[in-house]
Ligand code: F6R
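First, one chain by itself in structure tokens, the form predicted on its own.
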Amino acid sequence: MRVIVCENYEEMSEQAAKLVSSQLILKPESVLGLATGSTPIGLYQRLIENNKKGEIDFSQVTTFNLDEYYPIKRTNDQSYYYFMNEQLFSKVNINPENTYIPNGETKTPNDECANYEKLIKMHGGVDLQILGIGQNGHIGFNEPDANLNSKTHLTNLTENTIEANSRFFTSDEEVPRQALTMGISTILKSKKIILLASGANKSRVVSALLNDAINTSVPATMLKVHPDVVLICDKDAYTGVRLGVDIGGTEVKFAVVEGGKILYRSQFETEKDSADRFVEQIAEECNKIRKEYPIKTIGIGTPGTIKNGLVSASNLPFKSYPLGKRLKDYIDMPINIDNDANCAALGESEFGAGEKYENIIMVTLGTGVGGGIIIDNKICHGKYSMGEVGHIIIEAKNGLPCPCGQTGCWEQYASVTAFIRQAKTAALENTDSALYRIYKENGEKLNGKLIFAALDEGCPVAQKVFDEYIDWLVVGIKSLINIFGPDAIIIAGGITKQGERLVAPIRERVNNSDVAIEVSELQNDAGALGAAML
């Protein structure tokens, strides 16, 4: 099964229209199998547009609809006969005599179904079948636990389907309890199949379709035996409910994510002594959350490097530790692991300030300088590690030593730790300054907030420290721009709460109108959101 994941419903409809249009161009006398409901409306609208432009021709096309309510009059505005004429047939140059829909007015439904099968066979079978998928996995009106080898038949609708359809009728009494539908066997005889799925409410059944074995509980899983099926879905239907885990040096954050929204959060302090005990704690929380939410996948963001599945992190009890393998000892579901900065970049790319760009570099300013690189909306990985932007060398001669073993690394000059160190040195050298006074008033300690308080007082010493810090930031950012040519640099970290006060001078000194310089919109949520999307 080929899977095409689209950003939204509009893109899904456009992709489907391209495939259907190609079919009609290659074979003008095609036999199409058509579906009803809200999902294919966008597809039909684009086919109408293509027909008006003269790009496709329906004059030789024959169509067979999947199903029809029973009993129902064709004049009823909820009948599929009415629907198809309103949504497609009356707006394209198709011969009405070549459009077939099961007759919901028939007095002999079994004969109607048998004749429908003969008509399909007489026309050489369906060349391209369009399908939607119900929240319970039905295709057509083949409900769960239906006969998976059935032909066109009269079927009873489940209570779930009746309830879902009730919104289209004025009273419960009007909602049909039965339908005439192509069977699974009939559908599978189609030469090609396009399956459409849109919205987060379809995510659970899409997950079952892709990950579960063939079973009667999800009739759509029978499509796995067909040689030519394309699933086209939007991101909400594909991603579903996911769990993102953001491992940090002080705490571990958990976020249940659906369509970019966080449904649930939890956290606990990081275990520093035992890797195995730490993994047990993470697994216990994940399994607890899984009991409350229909989690599809789990993504883990961790500091450090990941090589051949082994994690090493200086501030965690991981030393060449098989994190993924250990977690799967406790959690029976797909788990994906990546560097925490990569996860933050992915989160920002999917849901934050980077959403409107395809290529971004995330620069996180904190104890060190972290980074994540997104190219064509995907995390950029190397063989060993990639995105360690804090360790590009910007002071080759007489540079400050770095714990990584190099000297002159960017994070020794552009991290918040470096900013505070530079401010403390300046304060001690200028004891008559406001910066020194604030330093003394706070127990001979400084932090970013206190440095900006000195700036608020107009302290020239603090201003000089800030200007020099911006210069160091810009040196590294310019290097990243020259190497990668991104659409945007996204800056994250607590210091970015200063907003334009921090970013405006960076933009001015970078002086490159082709690259946007922006502040993270997600901040502390970026890591968990990105991990969920791995």
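Sequential numbering from 1, following the sequence displayed. Computed from a predicted structure; not experimentally measured. For clarity, a rigid core is taken as the largest C-alpha set superposing within 1.5 Å between two forms.
Separately, the form predicted in complex with ligand F6R exists; it is not shown, and the next lines address it.
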property: Ligand F6R contact in the predicted complex: residue 80, any heavy atom under 4.5 Å; result: yes
property: Partner proximity in the predicted complex: residue 138 to ligand F6R, non-hydrogen atom cutoff 4.5 Å; result: yes
property: Contact of residue 167 with ligand F6R in the predicted complex (heavy atom, 4.5 Å); result: yes
property: Contact test in the predicted complex: residue 247 vs ligand F6R, heavy atoms, 4.5 Å; result: no
property: Option touching ligand F6R, based on a heavy atom within 4.5 Å in the predicted complex, out of 235, 296, 192, 202; result: 202
property: Sole residue of 183, 368, 132, 304 within 4.5 Å of ligand F6R in the predicted complex, by heavy atom; result: 132
property: Option from 53-61, 501-509, 31-39, 467-475 whose residues, in the predicted complex, bring a heavy atom within 4.5 Å of ligand F6R; result: 31-39
property: Residues within stretch 45-78 having a non-hydrogen atom within 4.5 Å of ligand F6R in the predicted complex; result: 66, 67
property: Large Cα shift (2 Å or above) at residue 205 between this form and the one not shown, core-fitted; result: yes
property: Residue 330 C-alpha moves between this form and the one not shown by 2 Å or more, core aligned; result: no
